[in-house]
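Below you'll find only one chain, the form predicted alone, shown as structure tokens.
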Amino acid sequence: MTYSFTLSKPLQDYSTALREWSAAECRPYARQADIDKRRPDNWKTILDTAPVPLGRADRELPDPLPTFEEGYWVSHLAFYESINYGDIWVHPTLGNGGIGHLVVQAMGTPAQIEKWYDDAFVKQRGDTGFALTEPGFGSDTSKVATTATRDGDSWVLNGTKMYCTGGAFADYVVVFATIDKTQGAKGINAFVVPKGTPGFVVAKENEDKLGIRSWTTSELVFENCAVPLDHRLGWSAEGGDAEVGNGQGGALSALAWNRPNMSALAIGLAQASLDTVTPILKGQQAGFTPQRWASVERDLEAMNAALDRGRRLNYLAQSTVDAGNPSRSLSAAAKGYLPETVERVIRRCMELLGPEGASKELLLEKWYRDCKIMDIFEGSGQVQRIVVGRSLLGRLAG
């Protein structure tokens, strides 16, 4: 079965303008952002040169992204790929980021959604954090060790989280903690912890890491951090302590619809790598034998084709979300296929250039470091392939 998807001309034009701007105006700052481990000091000036809306949250007046006939989620695929074509540092500077609000939307009561999604995120254009990962586990979310203990009218949180994107400055962080370790994954619940809550400590604003060094990923510590009962997502005064939803399931559902966006981000890096390498190789063509040059051309063609397959898979997954019939298995397939493919594409681009490919004169080695995390965070590729296998063969698969 093949699937084709053609973007409308308005979205194509927007994507082209965004991509060209990102490469021309943002990419020159990529190396320094990686070295400094933060966005450029003049980031606002850079963003002001954009010829199209970026959805910035730093402006007093709203700066929404345009709407297109393809729908919200499909349109965002084109946005993610195009803006990250310049470099990975650009997107987080726009603000209104994080994914904590997606958990609120997936798990919250109507009152919680109104307060922390509609008001705090949509109206006030705030940033939200997603605190799940801990030092003691990676992909196995059932091993959450952070605890939440009820004390009268409060939940008291204790534990440590790491790699929380934007956690140091988010308006609130959704923290996953267990209320009963004997229940395993079923004991995990999600709690909204606003910035400045006593006991909420930013232990490290930006952790040292292999790639995406300009992204703020924080280590957070919760020391007897008390939040009101209604900060437990899904809890209401009417429902009391009744079982109102599984925190692990909420985490996974919140991530599911964002996974193709991460794949689109990775495509932007891979396409930038291919577009960097291709003219260099063509300039060296005279030094290749005809057979060797034919092999290089086959490699370039195959890599572009692999990215195109990934785009179509992304569009297929997100078109189901826009149509109101989301497919978790398609989302998992996109996340399971693309980041790993992108890593191979960028690595092959480096290999084709030889020593120059690993030189810091080019950005290939940086983009290779950046893309590795795309296969890990928001659900590793291995886990996504298990999800796809189970959808095809049944729950016992994997």
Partner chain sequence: MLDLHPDEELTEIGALARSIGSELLAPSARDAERDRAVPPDVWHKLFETGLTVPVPEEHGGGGVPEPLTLLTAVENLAHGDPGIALAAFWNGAAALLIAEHGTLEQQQVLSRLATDPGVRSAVALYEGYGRGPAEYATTITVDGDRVRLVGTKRAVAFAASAELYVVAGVDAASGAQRAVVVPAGTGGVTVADDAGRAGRIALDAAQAADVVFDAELPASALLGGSDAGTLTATVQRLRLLTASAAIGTAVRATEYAAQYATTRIAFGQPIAAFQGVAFPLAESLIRIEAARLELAEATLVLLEDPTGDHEALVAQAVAYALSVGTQSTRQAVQTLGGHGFIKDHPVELWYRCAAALSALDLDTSRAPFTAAL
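The term rigid core refers to the most C-alpha atoms you can superpose between the two forms while keeping them within 1.5 Å. All of these numbers come straight from a predicted model, not from anything done at the bench. Residue numbers count along the first chain shown, from 1.
Another form, the form predicted in complex with the partner chain, is not on view; read the next lines as being about it.
Although the partner isn't part of this model, could you tell me whether Lys44 comes within 4.5 Å of the partner chain in the predicted complex, counting any heavy atom of the residue?
No, Lys44 sits far enough from the partner chain in the predicted complex that none of its heavy atoms falls within 4.5 Å.
Indicate whether Gln124 is a 4.5 Å heavy atom neighbour of the partner chain in the predicted complex.
Close contact is absent here: in the predicted complex, Gln124 is far from the partner chain, nothing within 4.5 Å, heavy atoms only.
Does any heavy atom of Gln284 come within 4.5 Å of a heavy atom of the partner chain in the predicted complex?
Judged by the heavy-atom cut-off of 4.5 Å, Gln284 is in contact with the partner chain in the predicted complex.
Even though the partner chain is not shown here, does Leu352 get within 4.5 Å of it in the predicted complex, heavy atoms only?
Taking the distances in the predicted complex, the answer for Leu352 is yes, it comes within 4.5 Å of the partner chain.
Within 4.5 Å, heavy atoms only, one stretch in 47 to 55, 60 to 68, 22 to 30, 365 to 373 touches the partner chain in the predicted complex. Which?
Selected range: 365 to 373.
Using a 4.5 Å cut-off on heavy atoms, what residues in 334 to 357 are near the partner chain in the predicted complex?
Read in sequence order, the residues that approach the partner chain (within 4.5 Å, in the predicted complex) are Gly336, Tyr337, Glu340, Thr341, Glu343, Arg344, Val345, Arg347, Arg348, Met350, Glu351, Leu352, Leu353, Gly354, Pro355, Glu356.
With both forms fitted on the core, give yes or no for whether the Cα of Gln284 moves by 2 angstroms or more between this form and the one not shown.
Yes, Gln284 moves 2 Å or more.
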